[in-house]
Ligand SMILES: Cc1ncc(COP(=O)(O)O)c(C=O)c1O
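As structure tokens, one chain now follows by itself in the form predicted alone.
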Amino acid sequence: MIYLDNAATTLKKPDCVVAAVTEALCNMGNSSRGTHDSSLKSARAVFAARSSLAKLFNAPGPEQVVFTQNSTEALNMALCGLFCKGDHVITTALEHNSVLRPLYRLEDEGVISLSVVPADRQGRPDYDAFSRLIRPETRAIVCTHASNLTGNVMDLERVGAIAKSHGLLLVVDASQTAGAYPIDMKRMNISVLCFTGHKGLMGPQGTGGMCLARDVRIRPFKVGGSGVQSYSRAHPAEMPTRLEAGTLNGHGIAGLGAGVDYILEKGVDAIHAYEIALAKHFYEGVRDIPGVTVYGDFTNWNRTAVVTLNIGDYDSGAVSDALWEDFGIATRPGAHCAPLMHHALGTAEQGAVRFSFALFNTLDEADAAIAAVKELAQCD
């Protein structure tokens, strides 16, 4: 199998991640629920993962790193815990439903009003619209770091500067970039960074979280057991316990921590350069094939390693099925949970086929994918 669906989840993990999960399953107890060796091993693994993530993202400190099951849970916690009735929020047409649906729900419930920054036919946001859409009651900008459909990267330094100049929060969905593209919370003026563990961070599924700036307070999404202050009626107010109720996925977090350490050792810039080289090679091999349409902005390679295309007017699901059944190539077709982006690209009916590259892919695999697209296009 040639696995080119890494934007959904990285299938191949570093050996150290597998080893860390195995070790955790065999020897780790429940973090913060005892002083015996197995509990302490879990607590140390969880703290080490917080510390590594804080280093990777230049977050304020390990205590500002909160673990969740994935970025969707982190985004729901952040958006439902930050906004109050009457707040106005700005988002973009690049967003995944993990951003859009919580915001739509808050809008439908009468909590917030919502404005959307549009995108052009190449999936590029109208940066000038951010400032135009700001009102006196605007509380935050909520945006993705990179489109999961086109691979276009948002200029977060530019957006962060706009947010800072108007005293707004900046909430970022880093699902597509965490571990695969440089992120600096301080330089980018990010208030809340939401991430998932199973994509670029190369950890297990069921891991993710958020990093908070020190001045950001989020109302707890859930309360319950914490292992501390058990006689208090209220959940502990201290971070990160404030936003973590119940038993953490310690076994998964151990694997996530190993993945982050692997990335820190390799270097995010080096990983990004390798992945982009593969994506560029594939793009250059398919862009001029008759009948093939590639989506996104490729005027520069400041982007993620995603190349999304269609062949003629074939349904994207049929193309993806043929890639798998005839060539053993795994891709992602359809709507990609990104409805506004498809409307901007004009692909709402057809969908699109996404090829996404990661560190463990090879040039030979990219060549095989090029050959498969050429063959399928000749059948059009």
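Start at 1 with the first residue shown and count on from there. A quick note: this is a predicted structure, and the numbers were derived from the prediction, not measured.
What follows is about the form predicted together with the ligand, which we do not show.
Residue 198 belongs to the set of residues with a heavy atom inside 4.5 Å of the ligand in the model of the complex. Taking the partner from the other structure, the ligand in the model of the complex has no heavy atom within 4.5 Å of any heavy atom of residue 303. The ligand is not drawn, but in the model of the complex it has a heavy atom within 4.5 Å of residue 70. Among heavy atoms of residue 98, some come within 4.5 Å of the ligand in the model of the complex.
Listed residues 248, 141, 146, 112 were compared with the ligand in the model of the complex; 146 is the one with a heavy atom within 4.5 Å. Interface residue among 191, 175, 152, 91, judged by heavy atoms within 4.5 Å of the ligand in the model of the complex: 175. Only one segment in the set 280 to 288, 154 to 162, 175 to 183, 129 to 137 has any non-hydrogen atom within 4.5 angstroms of the ligand in the model of the complex, and it is 175 to 183.
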